[in-house]
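One chain follows as structure tokens, the form predicted on its own.
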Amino acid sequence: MQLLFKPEIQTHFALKDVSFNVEPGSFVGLIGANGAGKTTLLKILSGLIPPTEGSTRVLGYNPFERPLDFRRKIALVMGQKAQLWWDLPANDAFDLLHAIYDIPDKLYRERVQILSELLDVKQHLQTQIRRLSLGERMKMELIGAILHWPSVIFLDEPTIGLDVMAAAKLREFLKVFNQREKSTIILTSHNMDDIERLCSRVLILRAGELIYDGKPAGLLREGERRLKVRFSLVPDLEELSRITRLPLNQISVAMSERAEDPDLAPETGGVYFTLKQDQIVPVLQILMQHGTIIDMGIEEQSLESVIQRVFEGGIKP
């Protein structure tokens, strides 16, 4: 009852002291755990919400003032929200955007032709948006977002829920579009393939704070490898740390690639060890003395594992 009449008020900052500049034509990856502030930042940059403190300039404009010239020069694609009209065929939806952005007729037809061929959806242009698969719909959403040839494109999880082939096709298109048209692209994603294959620069947010700004390669430790070992019995990580004399932040449970939710389904007995090249053989010898190994492999260090350690505070880039 006390909280009903005298509620406790807590202030939560979605973003704190985040400051950066982006060069024209850059492809920037924005990474963070759920709730880190990625989508909030994109909404501020695109003018959907204003910052409560500080200032933002995009293409020389204050985004939240949303002048017509500014809106003609940007695009925002959110993987979890539809922007096209679901009951219309894609062609009709594009015709509406053609009129809204006042795109010259010849240029409009050329762009629809080029984009639909690049994304391999030309055969679906007469199909209602709601009847398309998720991958096909996302491609149509992307076409609709860039028909006016924006200078800056904000992409919030564009490959979420897509199968491997659809995600690869979408990535290849974005790479080609960025290189050909020199559009500035800021991409948020939990898919490390998106970041590694597309972005020349990475921004990492943790609890609203910018903790890394640099090249993806700058997160990788030179000479490190990942040793993946699968045991007959699931080992205790603290015991593995004790016998190998490795810190716990260099040992992690390997997740099953077959699991629908990798956070909930660890692969039985699978463990990753992040090691220097000269540590691999000694560590393997120790592990073979303390358990039964049924499979093992050596991988290059993944950006995903490094970023996970950044989130957990294991390394400070």
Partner chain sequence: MNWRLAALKNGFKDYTAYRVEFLMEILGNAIVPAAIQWVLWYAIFKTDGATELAGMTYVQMLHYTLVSVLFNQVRGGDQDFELAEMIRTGQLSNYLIRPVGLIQFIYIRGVASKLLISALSLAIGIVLSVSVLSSEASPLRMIGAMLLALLGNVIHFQIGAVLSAMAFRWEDAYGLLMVKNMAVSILSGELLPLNLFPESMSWIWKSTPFYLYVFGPAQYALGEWTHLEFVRQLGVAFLWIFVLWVLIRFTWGLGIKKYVSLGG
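Remember, it's a predicted structure, so these values are computed and weren't measured experimentally. Numbering follows the first chain given and starts at 1. The term rigid core refers to the maximal set of C-alpha atoms that superpose within 1.5 Å between the two forms.
The discussion below concerns the form predicted together with the partner chain, not included here.
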Requested in this report: Name the single residue among I243, A168, A207, L88 that comes within 4.5 Å of the partner chain in the predicted bound form, judging by heavy atoms.
Outcome: L88
Query raised in the report: Which of these residues, I153, L119, L227, M78, gets a heavy atom within 4.5 Å of the partner chain in the predicted bound form?
Result: M78
Report task. State yes only if every one of T56, K175 and R197 has a non-hydrogen atom within 4.5 Å of the partner chain in the predicted bound form; otherwise state no. Result -> no
Requested in this report: Check whether D92 has any heavy atom within 4.5 Å of a heavy atom of the partner chain in the predicted bound form, and answer yes or no.
Outcome: yes
Query raised in the report: With a 4.5 Å heavy atom cut-off, would you call I251 a contact of the partner chain in the predicted bound form?
Result: no
Query - Contact test in the predicted bound form: K43 vs the partner chain, heavy atoms, 4.5 Å - result: yes
Requested in this report: Mark G144 yes when one of its heavy atoms lies within 4.5 Å of a heavy atom of the partner chain in the predicted bound form, and no otherwise.
Outcome: yes
Report task. Choose from 272-280, 288-296, 65-73, 25-33 the stretch whose residues reach within 4.5 Å of the partner chain in the predicted bound form, heavy atoms counted. Result -> 65-73
Requested in this report: Just give me the residues of 97-127, first to last, that have a heavy atom within 4.5 Å of the partner chain in the predicted bound form.
Outcome: L97, A99, I100, Y101
Query raised in the report: After the core is overlaid between this form and the one not shown, has the C-alpha of S19 moved by 2 angstroms or more?
Result: no
